[in-house]
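Let's start with one chain on its own, the form predicted on its own, as structure tokens.
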């Protein structure tokens, strides 16, 4: 497995304002190890701990998870790489392809995570063969285990965009003049540039040339008038659809779930140019003060009971290969467990070789 070189400056540049925006309500430094004994200080996406799944995990570990605000993979890397970051948190979850480089760093012995004791994580044996390549190792040590997987696509309202419209099975639904003024993309240089590049036929956006990046940027600028807005938060994206201000957004699985719970006639598309897929892996910062509890929490997160509950509450699929069988065939299709059978390319998130140029390109698009 190869890992993209990623320095702290690149991480902090991308995290930037997002990291600052996400600090409201964070907790301070943990107290003594004794006071922390049954309290696990974690950084993981909130949707991975809905009420029912949280109850299962906390029961299994006989402890409490104090989950600090999660902003983005780059913000997680910035937290980990900041002075004291390896002792401030007991456990972290983040996007595998992004977080590997800052966790492993350049050479053996520099890792910012501790090797996992797999004897304390027996449920690691349940990880599906599809995600074995996502297990992060160096030498004989395992540093990260994939727990949750998912995909990002277009979430759209079928009342206004017919499911049979060929555009729905393409990223093109976000760009075509047919729905101008009724679509929205995310204010994120990585995801928005990556999906645009896929739409333009660039098969490996993360390694594209400067000429291709310029082509993507110019295309985005030419389509800017088609976007009703550029959303910045989960709630904003959901509200854009539920208020019918837009008919389609670049969106996430739990957005679809939230809108369907509101009774909205929404679904997601399966872009023929390539579906953006990811895993979120768990790891333990090297100076964690609750190592045993963190191991127990990772094991619980990989359990079939937790995975099934998470799918029921958020529609997120998990890397435990046994969980899919707990759902009906119809639900497996709805949740995306059948994604390999759909015949579309799966494009895994990896950190771009020239992220600084992507950030500059996104700035030019927004300023245009």
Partner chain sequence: MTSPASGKTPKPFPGVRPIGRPFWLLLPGVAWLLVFGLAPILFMGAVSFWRSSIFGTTPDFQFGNYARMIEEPLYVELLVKTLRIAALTTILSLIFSYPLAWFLASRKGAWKAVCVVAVFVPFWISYVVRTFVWLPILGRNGLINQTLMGLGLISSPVEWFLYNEGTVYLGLVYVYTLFMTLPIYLALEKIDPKLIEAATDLGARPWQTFRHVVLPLSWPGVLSGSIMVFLLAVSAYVTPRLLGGTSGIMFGNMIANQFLSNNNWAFGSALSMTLVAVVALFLLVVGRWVGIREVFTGGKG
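Everything quoted here is computed from the prediction, not taken from an experiment. Positions refer to the first chain, counted from 1.
Keep in mind the form predicted in complex with the partner chain is missing from the figure; the text below concerns it.
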With the distance limit set at 4.5 angstroms and only heavy atoms considered, check whether 59, 199 and 334 all reach the partner chain in the model of the complex.
no
At 4.5 Å between heavy atoms, is residue 282 in contact with the partner chain in the model of the complex?
no
Is it the case that residue 277, even though its partner is missing from this view, gets within 4.5 Å of the partner chain in the model of the complex, heavy atoms only?
no
Taking heavy atoms and a 4.5 Å cut-off, does residue 74 contact the partner chain in the model of the complex?
yes
Would residue 162 show up as a contact with the partner chain in the model of the complex if we use heavy atoms at 4.5 Å?
no
Which of 218, 265, 132, 233 has a heavy atom within 4.5 Å of the partner chain in the model of the complex?
233
As a check of understanding, the residue in 120, 178, 158, 244 with any heavy atom within 4.5 Å of the partner chain in the model of the complex should be identified as 244
Mind telling me which stretch in 199-207, 146-154, 120-128, 99-107 gets its heavy atoms within 4.5 Å of the partner chain in the model of the complex?
99-107
Is any part of 143-176 within 4.5 angstroms of the partner chain in the model of the complex by a non-hydrogen atom, and which residues would that be?
none
